[in-house]
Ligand code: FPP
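The chain below stands alone and is given as structure tokens, in the form predicted on its own.
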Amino acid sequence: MKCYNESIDKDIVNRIMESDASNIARFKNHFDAINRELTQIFDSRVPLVEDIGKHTLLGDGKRLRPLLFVLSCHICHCHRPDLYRLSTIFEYIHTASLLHDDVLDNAEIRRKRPSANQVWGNHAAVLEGDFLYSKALSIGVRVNNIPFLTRLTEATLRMTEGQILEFAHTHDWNLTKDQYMEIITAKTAVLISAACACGAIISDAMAEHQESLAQFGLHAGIAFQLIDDLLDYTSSERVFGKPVGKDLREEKMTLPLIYTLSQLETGEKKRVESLLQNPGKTDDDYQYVMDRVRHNGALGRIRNEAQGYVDHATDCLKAFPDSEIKRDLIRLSQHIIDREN
């Protein structure tokens, strides 16, 4: 099912943006409940599981995925007592993917603190990621809902494909926008979509509402990754929680650079491409490339595209009547564009 084609309800969106465009403090009670549940996972007989888990899970995470699951349940009129427990599934899966990513990238910083692989080593980080994936599925199995588990396992499968696809295109400075979109959809947007869809599934919502929330999450997830890749060129390590220019230094081609290369004059483009292909790149070389990205209009173009995806996500909620929960989902999707980290 496609999202509704009617124009977005501008009155609702404008009211929300005027009242609470970038402040998600209103969700504090949800975040507190989610964090309480996250602390309950440390029931392993292996102390190292708890040590790495506390370091990784209880850091400065956004909790976007579990919050979207809870709000998706609420918009479908489901308030079962284990919602927050179930919501942690999506944070465990997300965090597990970050642990594995950081090993692949040899990352040093994650969520404003040293990454787990830097503290305990690659082997421990990978095994902790495996533990968190297993923990997520353990919680999911107890729901005894085949469509819920099917959506969840399909999402983790596509995430892994996205991670492998990104790995396969490392050092690929000829990556196209279509290939980039395929990577970020699988690696990021699919899990956010699953969090929303699973909220509807566990609520026994009608198929139309399940698909509407799945599409809402998919478009919001694409917008999230577009802004994440934009912030990699504009934010600071203090705000962003990881080194700025990380993707560039890890030889990853993202949309800011794809657009920049397409807009540079021939001579300048050849110079940037030569720098990118030089295995002995210096800090000055990286800074030169980043400056080209920051000053050619690519970032504004990407922000506009991200806003378009958020608008489309909002349009996907037209299947639901106006309510405070619907407005919360719109607020949260708009925060994806307005955030600084």
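Worth saying up front: this structure is predicted, and the values here are computed from it rather than measured. We number the residues from 1 along the sequence you see.
Beyond what is shown, the protein has a form predicted in complex with ligand FPP; the following relates to that form.
Residues with any non-hydrogen atom within 4.5 angstroms of ligand FPP in the predicted bound form fall in just one of 72-80, 171-179, 207-215, 220-228: 220-228. Taken together, Ser193, His312 and Gln334 are entirely out of contact with ligand FPP in the predicted bound form: none brings a heavy atom within 4.5 Å. Using a 4.5 angstroms threshold between heavy atoms, Gln118 stays clear of ligand FPP in the predicted bound form. Within 4.5 Å of any heavy atom of ligand FPP in the predicted bound form lies no heavy atom of Ala125.
Contact check for Ser97: a non-hydrogen atom falls within 4.5 Å of ligand FPP in the predicted bound form.
Within this chain, Tyr259 is remote from the site of ligand FPP in the predicted bound form, having no heavy atom within 4.5 Å. For the options Thr160, Gln263, Thr185, Ser235, the one in contact with ligand FPP in the predicted bound form, meaning a heavy atom within 4.5 Å, is Thr160. For the stretch 122-139, the set of residues having any non-hydrogen atom within 4.5 angstroms of ligand FPP in the predicted bound form comprises only Tyr133.
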